[in-house]
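Following this are structure 1 and structure 2, which are two forms of one protein chain, each written alone as structure tokens.
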Structure 1
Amino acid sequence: MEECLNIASSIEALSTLDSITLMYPFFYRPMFEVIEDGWHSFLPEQEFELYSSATSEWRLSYVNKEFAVCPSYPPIVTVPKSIDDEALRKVATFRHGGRFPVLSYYHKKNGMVIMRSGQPLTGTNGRRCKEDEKLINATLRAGKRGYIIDTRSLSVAQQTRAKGGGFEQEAHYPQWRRIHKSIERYHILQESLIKLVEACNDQTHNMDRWLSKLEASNWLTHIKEILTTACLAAQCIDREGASILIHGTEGTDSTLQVTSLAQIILEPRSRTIRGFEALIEREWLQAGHPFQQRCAQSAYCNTKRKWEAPVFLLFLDCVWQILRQFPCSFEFNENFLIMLFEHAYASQFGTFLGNNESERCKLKLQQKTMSLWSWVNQPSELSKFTNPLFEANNLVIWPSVAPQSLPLWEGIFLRWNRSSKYLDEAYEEMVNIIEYNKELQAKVNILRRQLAELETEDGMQESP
């Protein structure tokens, strides 16, 4: 037992090194042939080209080229074409952490957009910024209203004014309606994960105890809150025909959960493997989610760090919930999501190191480490993560957020409590059935063509 505890202590110590440059990704050398440089797979310019053909109202701005305007933003961001860089600098001083509103998603169906930012620094004096108002209004069509989705409760948002934060005053943003949807953050989420892991490891086999602990963790409640807010955002875009701005306090946690999930609901590309990778790169890594702080340790660790929180895991859990409800609409399978969870916490690749693009540049990750995408996108690896049931679905998908529709993600939380043997066998059998069905379908198509040819020949012979 003592040896096991020593090993556990060693692992914990090695996973919490003071210097990032001492971590394994800096010493890892790939044993596979690198076909694709994952560091350059999803550049902002490439993403911009995908919707620049549908609209001329947006542009790429290099205002943050040296990370001087916003340390947690990437060097290149997409903003309204009518707003110049000088105005962006002024808006940055009015938003938390310099996170001025930027484009997150453009809905080609009706031209509506999702923007994200940090909270406005209105304070107790009701400070305003004309450039900020102009930037946000530049996204509205004539006669249209927009929605500001604040991922904090009204009371929490009001409390931040005493610390210099706040929210958009309706008098200064008359074309925008503000909606507060409370999503928990930081230590509350970490405590929730710790309680859930403890419940899953409980060996008493007492049903009442298990259900009581599961409920006390509030994990599924957090899932419901996040999915509900994402559905609201998607509804504003697709059904209301209204653009939206999403922010909480910093704009690096719950904001990114909502913008990402809304895109999965709205955008078929985000439900493909490469599209989902691009989403993570754009909405999490480049958008400044502090992975180094949030995923520093795990629920099994004895020490607790102030900034640690399972924000990304909650996002992946929400994606799994949607995947479970729409099993044929996703090109990737559950294993893909589990793999991303594992690499966010411990990886031989440098993709999830650092808290933002600025830190990654200083660490020279592109030169000194390998990208996760270089490994994942190998054909031999992709086959493990491909969903055999996938059929491209170009429609918007609307997940249920009813409590009965949101089960515990066994693949993550009960992975060591159950044997995967029979699940693996069932999966293999399903794949075999699907492949056999494709073979039969191909034979049917050949026979139909032959029948059509014979009928044509008969018709020609019968004609005088």
Structure 2
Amino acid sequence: MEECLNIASSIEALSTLDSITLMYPFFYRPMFEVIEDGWHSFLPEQEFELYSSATSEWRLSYVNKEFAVCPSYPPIVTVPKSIDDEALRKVATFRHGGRFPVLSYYHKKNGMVIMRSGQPLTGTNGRRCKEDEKLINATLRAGKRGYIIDTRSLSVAQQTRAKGGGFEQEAHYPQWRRIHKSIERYHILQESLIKLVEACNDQTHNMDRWLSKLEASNWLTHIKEILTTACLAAQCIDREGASILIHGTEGTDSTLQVTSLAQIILEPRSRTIRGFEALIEREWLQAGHPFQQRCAQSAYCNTKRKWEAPVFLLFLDCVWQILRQFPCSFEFNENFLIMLFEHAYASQFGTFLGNNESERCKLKLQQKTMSLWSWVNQPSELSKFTNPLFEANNLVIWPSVAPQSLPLWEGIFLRWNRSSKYLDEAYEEMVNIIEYNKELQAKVNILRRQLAELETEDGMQESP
């Protein structure tokens, strides 16, 4: 009994280390040869080049080089060309956490953009900031209007004014229309996850109680809410031909869910493995989603941790929902999403350590730990995560957000509660069907070539 308690307390202590530098990534020595260093796989400069050929309206700014302007931003950000660094510094003082509006996505099809930021610090007396207004307007084409999507309900947004926050007054941003959606935050999401996992683990209840527990967890309600907002954002860009600015309060949680999901919908590249990795790098890691705070204990957290929240898991679930509706449009499979979920919470790699680039820099993660991407992007690993059904689809994909279309993600929530034997067999069979087809294709091509060669030889013998 005593031994048992000792073991329990040791595990408890080891699983809740206070110091990041004591964590596994700092001791992990890879057993594989690093072909490509993941720390350099997705550099902001390279990402910028992808759209700099299509537009010259944007530039890279190094204003945050020392993390002085915004501690949660990376050193390099993309901003409108016409706005200089001095203006950015001023805008930063007007935005929550210094998170001035930056470019998140450029829609090549029509030049519309998604920007993201923290909330404007208007406070109760309606403070305004000329540079902020100028920055935002600089992204609009002449005569065009844009949309500001506030991920909070109007009343929540209004309440934040008392604490110095707020939202853009339409009078000061006449070219912009504000839309409020309400995506839940922090502890509400965390409670939702705890309830859901409880329901999944309870196998004694009858059918009715299962459905009501699923309902009571509100998890699928959050999924629907987030997806709907992302779809709305994508619709503004692609269908309304309008640029958008997205923010909530800090701009590090619901904001990123929306900006990244909108890109999944709009941008075929983000549905490839490389593209999705780049998206996570850009919209989550670089954008300063506080992984360290959000992904510490997951659902079985007995002490209430103030900052714990499954924001990233909700994002992955939403991606899975779109993948389920468009099973041939993604280069990666469900296992890829599950793997990312696992590494976000516990990993031998340094990628998800720290809350932002500034912290990662201080921890010297690039020197002291291995990047997740170095491991994932090896051909042997990639094959496990590749969707055999993938056929590049260059179109915008509009998912359904009807409740009937949004089931529970069994692969993650019922993973340990039900055998997946038969589903795995089905997956294997699917891979076999496709592999066999490819094999035959290759054989036929070889024979065709051989035959063609023989027949030309034939012809040559004939002609002289």
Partner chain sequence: FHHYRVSPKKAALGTLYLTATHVIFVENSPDARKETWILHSQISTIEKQATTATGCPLLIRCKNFQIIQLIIPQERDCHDVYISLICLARPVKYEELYCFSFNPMLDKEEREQGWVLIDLSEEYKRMGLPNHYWQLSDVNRDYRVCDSYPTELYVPKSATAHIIVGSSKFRSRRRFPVLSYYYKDNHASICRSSQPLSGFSARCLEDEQMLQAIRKANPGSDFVYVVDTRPKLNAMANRAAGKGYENEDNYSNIKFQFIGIENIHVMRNSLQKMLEVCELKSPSMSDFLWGLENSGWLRHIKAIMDAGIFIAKAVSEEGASVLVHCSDGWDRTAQVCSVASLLLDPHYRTLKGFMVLIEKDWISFGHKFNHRYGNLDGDPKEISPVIDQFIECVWQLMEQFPCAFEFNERFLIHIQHHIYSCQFGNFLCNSQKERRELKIQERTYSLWAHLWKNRADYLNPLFRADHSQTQGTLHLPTTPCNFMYKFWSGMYNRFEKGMQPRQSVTDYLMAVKEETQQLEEELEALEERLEKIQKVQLNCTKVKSKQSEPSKHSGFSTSDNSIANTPQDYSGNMKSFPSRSPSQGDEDSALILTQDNLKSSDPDLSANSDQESGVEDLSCRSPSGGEHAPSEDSGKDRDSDEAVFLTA
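Quick caveat: nothing in here was measured; it's all calculated off a predicted structure. Please note that residue numbering is based on structure 1, beginning with 1 at the start of its sequence. Rigid core (definition): largest C-alpha set, two forms, superposition within 1.5 Å.
Legend: structure 1 corresponds to the form predicted alone, while structure 2 does not. After superposing the rigid core, the C-alpha of Glu49 moves by less than 2 Å between structures 1 and 2. The Cα shift for Lys438 between structures 1 and 2, taken after rigid core superposition, is 2 angstroms or larger. Core-superposed comparison between structures 1 and 2: CA of Leu22 displaced by less than 2 Å. Core-aligned Cα shift between structures 1 and 2 at Leu451: this is 11.3 Å.
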